[in-house]
Ligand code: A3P
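The chain below stands alone and is given in structure tokens; this is the form predicted on its own.
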Amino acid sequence: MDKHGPKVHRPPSSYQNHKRTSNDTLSANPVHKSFRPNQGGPTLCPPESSASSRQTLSTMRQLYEKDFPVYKQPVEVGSFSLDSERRFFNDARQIRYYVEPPPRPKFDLRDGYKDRFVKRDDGVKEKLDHILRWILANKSKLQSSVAAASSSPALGVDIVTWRGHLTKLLTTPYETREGWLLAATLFRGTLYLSEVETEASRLDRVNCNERHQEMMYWGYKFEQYLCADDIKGSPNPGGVVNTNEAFCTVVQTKLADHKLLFSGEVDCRDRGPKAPAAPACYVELKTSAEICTPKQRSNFHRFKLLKWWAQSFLPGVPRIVAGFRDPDGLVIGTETIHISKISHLIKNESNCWKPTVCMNFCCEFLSFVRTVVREDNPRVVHLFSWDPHQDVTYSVHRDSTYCFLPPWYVEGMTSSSTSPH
């Protein structure tokens, strides 16, 4: 059970651009002392820390009860598409447009599961490959923006990763079931973070039962009811659901002193004539079981909203349209949830998650990694490991199966070529 102090730091309702104060393994030496983040002063999380001998990082929630860290408004710097065969295209051909649902939708999420469903092979681990292809295709644009700053990394950013990896970091202080593995490599001054599948996750994936697989399909089917392929078109719920297809935004932002470049899949965008520029025009679509009791409402606030908030807050997606379904997969109602109002929704829940804890832990983890990973070498991987109720630890691997920056990317970044693979 958490022990919270009397002062509650409420996150800002919008993004802040100003400072707020208050065999192949070389294992790290086992140290029982855990790093405890500084609990006073500005939460700028400098990467050059005097605690250069840190061996572990604590995930205890009360350590991150500090002022909300500086998080700049995310800016979209590009996008890319993946087609029905998972091929990369440096354009927005897979973007879809949000269509408002009727007041009483009655969407059947089971429709098409048996005969109109092409499922992506989850056993194929793509690592950061699609983001790396985008970087190579846009290398000149990225490098020209930092050409004047000779001290900047080649890309002008400190960290490259997927949005989903950062989401896992944000939710870590409150996660009680699933651990994670994150591989980190420093190359030309930029740190790359790529998830490694844990054995527990692999077993869950290969042993997933039919009911659970069908329920995962329901989320994609809900998108089909609300998305049109053309700006003036209508949804086509009679079509094929192909989970290989994706449209991904690429955003740049800054968390304290960490310059971030990350990508995440986007469900659809607002097609109205007054729609704001990306990423503020994007809409996230979600499904959840219908809420019939106060206890169910509380659980929804305490668990599901945490992951929904983290996923959308990071890239600056302002709203979620949720479809509430019965046990048979029939959507009986929808609700629009604004990300800026989620902290208000959960404020009356006792011992609930706090956005400031999530963001401060993510910030401290990135500082920890940047302190630990010093060798600039694409063949060296630091593997960071975490299990619920434990500290974050790491091990070092050289020329191992954990290496994830492919030769075509390393060569592309050290040559004048800018064509993606």
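Predicted model only: the values in this text are computed from it and were never measured. Note that residue numbering begins at 1 and tracks the sequence as displayed.
Keep in mind that the form predicted together with the ligand is not shown, yet the notes after this line are about it.
K.L.:
Would Asp267 count as a contact of the ligand in the model of the complex, using a 4.5 angstroms cut-off between non-hydrogen atoms?
P.N.:
Output for Asp267 is yes: heavy atoms within 4.5 Å of the ligand.
K.L.:
Using a 4.5 angstroms cut-off on non-hydrogen atoms, would Met216 count as touching the ligand in the model of the complex?
P.N.:
Because a heavy atom of Met216 falls inside 4.5 Å of the ligand in the model of the complex, the answer is yes.
K.L.:
Quick one: is Leu285 in contact with the ligand in the model of the complex, heavy atoms, 4.5 Å cut-off?
P.N.:
Output for Leu285 is yes: heavy atoms within 4.5 Å of the ligand.
K.L.:
Is it the case that Phe324, even though its partner is missing from this view, gets within 4.5 Å of the ligand in the model of the complex, heavy atoms only?
P.N.:
No, Phe324 is distant from the partner.
K.L.:
Within 4.5 Å of the ligand in the model of the complex, counting heavy atoms only, one of 216-224, 343-351, 113-121, 69-77 shows up; tell me which.
P.N.:
That would be 216-224.
K.L.:
Looking at Thr190, Ser81, Gln311, Thr253, which has any heavy atom no more than 4.5 Å from the ligand in the model of the complex?
P.N.:
Checked against the cut-off, the match is Gln311.
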